[in-house]
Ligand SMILES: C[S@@+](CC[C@H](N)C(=O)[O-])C[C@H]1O[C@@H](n2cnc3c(N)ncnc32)[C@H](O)[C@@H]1O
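Single chain ahead, written as structure tokens, the form predicted alone.
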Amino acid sequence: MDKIKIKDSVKISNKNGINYLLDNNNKLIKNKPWIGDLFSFLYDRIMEKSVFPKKFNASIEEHYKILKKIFEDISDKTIIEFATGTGDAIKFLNKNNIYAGVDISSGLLRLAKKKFDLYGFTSFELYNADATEIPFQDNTFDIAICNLSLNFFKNIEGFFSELHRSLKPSGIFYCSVPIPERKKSKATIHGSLYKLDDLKKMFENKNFRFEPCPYENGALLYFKAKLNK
């Protein structure tokens, strides 16, 4: 399997196919996920039965159809996914890509490991790490992905810094995220919701060329942003 380049200063422990970052005392760096690891098995059901229909007013089936269209011609690329969750990238990514998935929940990553193995992905690595402190070298990835999680990143500047640093020149970031102008008035969507115009300004200020994708699905916005560096 092709290995994704890790920063020389980073120490990692691999347990059952999940990579954990170590501190200077060789102890695991612990992260606090929004859903406890003991309840990770409920994540997919919560998304399907509650989040998509009740909060996003959207179709989860249409969501994966859209992602499949977006990624159908992307092959032989080195890809990072921020907030990989339970590994639903297997539903829209071609298997010949080299994939690194990052998430703060080890429970979700264990489920993702099973999915990637089951669907025959051979070049994938999973890391228990925060989106603002990823362990990879500069200019590593052709593509970055973040689905349904950008609104939960508390340190958005830290995320932008890592995104910019880890993407190759002309790398592309693909994202799906709920936006306030598309949500139903009574729906409660947690996290920091950014309007379309605000997202555009944020990415352009970070030297990305922002482009909404022509798909509609409830409160969700699909967009890509190409890095100019």
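For every residue, the number given is its place in the sequence shown, counted from 1. Everything numeric here is computed off the predicted structure, so don't read it as measured data.
There is another form of this protein, the form predicted in complex with this ligand, and it is not shown here; the text below is about that form.
Chemist: May I ask you to state whether Met47 is within 4.5 Å of this ligand in the predicted bound form, using heavy atom distances?
Modeler: Contact check for Met47: yes, within 4.5 Å of this ligand in the predicted bound form.
Chemist: State yes or no: in the predicted bound form, is some non-hydrogen atom of Glu125 no more than 4.5 angstroms from a non-hydrogen atom of this ligand?
Modeler: Outside the cut-off, so no.
Chemist: Quick one: is Ser149 in contact with this ligand in the predicted bound form, heavy atoms, 4.5 Å cut-off?
Modeler: Looking in the predicted bound form, residue contacts with this ligand include Ser149, since a heavy atom lies within 4.5 Å.
Chemist: Quick one: does Leu108 come within 4.5 Å of this ligand in the predicted bound form, counting heavy atoms only?
Modeler: Flag for Leu108 set to yes.
Chemist: Within 4.5 Å, heavy atoms only, one stretch in 135-143, 116-124, 100-108, 68-76 touches this ligand in the predicted bound form. Which?
Modeler: It is the stretch 100-108.
Chemist: Can you name the residues of 66-87 that have a non-hydrogen atom within 4.5 angstroms of this ligand in the predicted bound form?
Modeler: In sequence order, Glu81, Ala83, Thr84, Gly85 come within 4.5 Å of the partner.
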